[in-house]
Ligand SMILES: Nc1nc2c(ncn2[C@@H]2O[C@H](COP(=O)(O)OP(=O)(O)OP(=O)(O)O)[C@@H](O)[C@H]2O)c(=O)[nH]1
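What follows is a single chain, given as structure tokens, in the form predicted alone.
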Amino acid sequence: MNQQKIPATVITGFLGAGKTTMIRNLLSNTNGKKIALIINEFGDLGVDGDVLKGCGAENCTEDDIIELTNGCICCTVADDFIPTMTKLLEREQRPDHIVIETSGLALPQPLVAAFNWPDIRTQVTVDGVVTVVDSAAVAAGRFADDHDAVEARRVEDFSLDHESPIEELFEDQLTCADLIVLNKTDLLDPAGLGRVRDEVASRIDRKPVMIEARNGEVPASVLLGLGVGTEDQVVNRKSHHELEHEDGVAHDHDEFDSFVVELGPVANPAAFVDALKSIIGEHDVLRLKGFVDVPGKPMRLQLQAVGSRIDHYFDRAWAPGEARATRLVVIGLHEMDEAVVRKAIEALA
């Protein structure tokens, strides 16, 4: 029996950073390694899993892709992740490498700590935590409050906690990283990218390796084989929540909400996308993703929005017997008015 531990790579990063695209590229470039993929989504529609199941990689079949859609993986480690890992390790043909894509709203720390559970620690090790950063979003100040206004308020009252939930989550994902991938660098000039590097570095005390990428294109040799054993070091990479609540209070994501909008066919996708940009901007939607049914087209239109930046392309043909429909996941802060946003989107169809 092979007693060597199976390496696992945790890929984290905020909503829309490009994690799924990077994994899709990875699966086409693993030099024959058999990959098992665990995906955790925030929301009710398994968009990321659907994208990856359609990539056709021989080394990662549909049976090797496991979706956890019952909630944030960092909150349901015992209920969802541990049983999933146990079943995976009981397979007759075990994977050469495990890749875990966390939700864009997940803290990686509790997940990494779960690898210290006795039944898992003896069989699997965390090869490394890879944090993917949307460089264009950082350059646009997406993860920062109005720093001038914050500083003015701090002068008046130093006891105020001014960090937003988004900022804290962004910093927590960076804090846990062994490798930071600055993605979407093609959207910035050299000066802008330099400012992003400085901004990311200023958010953490540790200095993990930082690399640049376009369209999530990072060689498998860079992502896999880091050999860190992060489960032994996670105690020194505590999140904001852990630092502020050492008493064991459970972490939650009450600051964020998500819902699914289902529509009929969309005859004019260009106009549909333009209208979505207005809705996103007006209601400060953080993330919108899903699939669109365009009449007369044999392929479905995949749609991915981060803020007002929307990417869309035909990703695959509708399968025989598959119900054609338009389904979108909308994610925003807790104060987002779901009824108003839903009504605005439904009016577009």
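Just count from 1 along the sequence shown to find any residue number. All values derive from a computational prediction rather than experimental measurement.
The same protein also has a form predicted in complex with the ligand, omitted here; what follows describes it.
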{"query": "The ligand contact in the predicted bound form: Thr20, any heavy atom under 4.5 Å", "finding": "yes"}
{"query": "4.5 Å heavy atom contact, Val306 and the ligand in the predicted bound form", "finding": "yes"}
{"query": "is_contact(Glu101, the ligand) in the predicted bound form, heavy atom dist at most 4.5 Å", "finding": "yes"}
{"query": "Contact flag, Arg287 vs the ligand in the predicted bound form, heavy atom cut 4.5 Å", "finding": "yes"}
{"query": "Interface stretch in the predicted bound form with the ligand - options 88-96, 223-231, 210-218, 114-122, non-hydrogen atom within 4.5 Å", "finding": "210-218"}
{"query": "In the predicted bound form, the one of Asp198, Asp274, Asp186, Glu262 near the ligand [non-hydrogen atom within 4.5 angstroms]", "finding": "Asp186"}
